[in-house]
Structures are given as structure tokens and as C-alpha cells.
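Starting off, we have a lone chain in the form predicted alone, written out as C-alpha cells.
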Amino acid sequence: MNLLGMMKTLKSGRLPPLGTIPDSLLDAAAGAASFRGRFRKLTSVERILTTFRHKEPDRVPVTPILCSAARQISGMTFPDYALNADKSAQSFIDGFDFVGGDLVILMLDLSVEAADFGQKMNYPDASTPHPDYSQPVIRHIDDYERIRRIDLADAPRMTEFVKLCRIVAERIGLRGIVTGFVFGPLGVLSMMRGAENMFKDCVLYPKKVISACETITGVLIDFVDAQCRTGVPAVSIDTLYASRNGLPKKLWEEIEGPFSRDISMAIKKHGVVVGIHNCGHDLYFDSQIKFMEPEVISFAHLPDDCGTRKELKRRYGDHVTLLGHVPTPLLVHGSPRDVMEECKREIEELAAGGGFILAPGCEYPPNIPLTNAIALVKAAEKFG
């Protein structure tokens, strides 16, 4: 794509896939936006593009990652939010309009894919949907081999999520960046087996787990293909178990690493930005970057090879955009002043040179007031 083509696409109200734009053009656009940002307020798209290209915008971009917390604005129940794309889209739009931010991360719950593979679910009115672990799909080690590929047309929750991506991408337009979401194959399996049992199986029966991952990954590639065709400019892959909370690094690389690469390459094929979300402790930045080559990593805790935020910025901040990492407990128990002071510290340590988006380390807690989400956005505007 040349500059003329890019301008025509922008005038249509859509953001062109960034992977289809030459790096030289992206750098020129980011450089120009960075310069303009010294004198005037940038748009959210300009701000994030500048940040992605590791140049400094007018201020640090921000997202409160509201997800299901935004359903409070209209009094929506969790089942309505989780199962009806029109209603969940309204929730995300309400959150974007009411609280603010530059980036909308679409995530319903971590059981979307597992539910379509047959996992029985609980849908409480006042809390996040979750698997019924009294009836797991995988009860015995041999059940891994019984996982069968499903067609996306026969996957109601994934189909609704694709619809959600299309609605929000169209309604947000160029007011912000919208990202899709997919849980990695080990994550999907953990929803159908239970994480502790799955970890044991990875150690004792890795071939059986890998066989199931292969089947699931084929479906996940169909899922991200469908998301990319809706117009979202980014899709995030959740690889939670590439951390101390999950598997040893070498074992993660052997089991999920190759499949995470396949999913990432499927996203990149569309020219769409690849993000990673991982809220685990001591997460493996190096391994995830090696396999998925992401542009953005959303994180809650420092990676296993960094002792401080400054070391994180020095080691990774020049080639991947860091998104995080205001602690969830602080959002639950802290005052707005506490939240803003933490945001200020993170901005001071991570924002220089671009490549940083202020955000919670994980989704905003769904049943607490939105006060601290507003404080987080205000902190970016004040200190960023």
C-alpha cells in the first residue's frame, strides 16, 4: 500500500491492516504524528500508531480493559453480555464512550472456545461464565484423542464473538483501535480438563496433549481468520501457561510453542497486528516472542528474565510494545489517588521512546465500581 491508498482507506472510516503498509510509510506517518503531538492533541489511532513504531506521541495511550465491567453501565447481566453479540457490543461501546481510552480489547470470558468443543458451562447472572468442572469433556487421559475438529458454523459462542468484532470495529471506526481475542490451545484444554490435571498430563502424556492441541489449533486458526476479516486491526493470543503459573519454559516451547506460532502466522497473513496477553507470574517474554513475533505484549507481572521495570524496558522496549501493568488488587482495594500514583510511576519508567500503553495487568475486575478505571484513563491524560 502507498500513501494515497492509505489515505483513501482512512477516509472510508477504516484502519487499513498495518501489516499491509510498508515499514517506511508507517515510520514516516508515526514520525509526523510524533512531531504534531508536540503542538496538538493526536487522535487515538495516531497515538497508538506512533507508540507501535516506538516514537513518542502527545501522551501515553491507555486502555482500561473494561470487558465485562462495562456491562454495569446499562445494568446488563453476565449471560446477556457473554451470549448475545449485539448486547455485548453495546457494553463495549458504552465503556469506550463513558470511561474513555484509546484501545478496546474484546474479550468475553476464557471459556468461549471450550464451550463450542462441548464443555458444559455455568452462566451465573452476577459473575463470569465458567466451566462446570463436575462434567469435564476430558475425564480420562484417553479423552484427549477424542477431541474432534468442529466447523465454525457449528460453534455458536465463537460465531457470536466474530459478530461482536464486526459490530464494534464498525462502530468504533477510527475513534480507537479494536482488538480480537483467542485463548491458546492449552488454555482451551484447561477449560475442558482442569488446569492442574492438564499440567500433569503435559508432563506424563505430552503426546496425547499435543495431539489434542493440533486438533484445537486448526479450529482456532479458523476463528482468528474470521476475526481478521471483520476489520479489527489486531488480535491478541492468550498464552497464560507460558509462565511460572503454567509449564516449565522448555515444556511450554515443546507443547504449545509451535501451535502458538501457527495461530500468529494466520493472523499476520491478514496484515493484522499480533498481540499477546499473559497475566501469569514470571512469564516467558523471550519464548513467546520467539514463537509468535508479537507487536504488543499485555502483561501483569515482570517476565522471568527482568527484575525491574527499567530492565524490562531496556531489554524489550525497543522492539515490542508493552501494555500494562496496573495491579488488579490495587484497582480493587486502592483509592483513585493510589491508582493514579501507580500509573505515574509506570509512565515514568516505561513510556520514554514510545512502545508503552498504560493498562491494567488483566481485565478490569467485573463487579467493582468503574471509578478506578476512570482514574487510570485520567492518569494517562495528566501524566502521559
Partner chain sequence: MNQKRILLSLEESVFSKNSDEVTRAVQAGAIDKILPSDIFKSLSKGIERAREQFRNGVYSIPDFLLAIDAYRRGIGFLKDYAVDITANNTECPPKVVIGVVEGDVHDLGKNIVAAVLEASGYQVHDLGRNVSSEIFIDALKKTQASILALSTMMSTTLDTMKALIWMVRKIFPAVAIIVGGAPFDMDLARQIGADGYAENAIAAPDETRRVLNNISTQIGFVA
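Positions refer to the first chain, counted from 1. This structure is a prediction, so every number in the text was calculated from the model and none was measured.
Form predicted together with the partner chain: not shown, discussed below.
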Quiz item: Three residues, 127, 133 and 196; all within 4.5 Å of the partner chain in the model of the complex via heavy atoms?
Solution: yes
Quiz item: Closest heavy atom of residue 353 to the partner chain in the model of the complex, within 4.5 Å or not?
Solution: no
Quiz item: Does the partner chain get within 4.5 angstroms of any non-hydrogen atom of residue 258 in the model of the complex?
Solution: no
Self-check item: Contact label in the model of the complex: residue 337 to the partner chain, heavy atom within 4.5 Å
Solution: no
Quiz item: Looking in the model of the complex, any heavy atom of residue 333 within 4.5 Å of the partner chain?
Solution: yes
Self-check item: Heavy atom within 4.5 Å of the partner chain in the model of the complex - the one residue of 156, 248, 307, 118 that qualifies
Solution: 248
Exercise. Choose from 203-211, 220-228, 174-182, 309-317 the stretch whose residues reach within 4.5 Å of the partner chain in the model of the complex, heavy atoms counted.
Key: 203-211
Self-check item: the partner chain in the model of the complex - contacting residues of 366-380, heavy atom within 4.5 Å
Solution: 366, 367
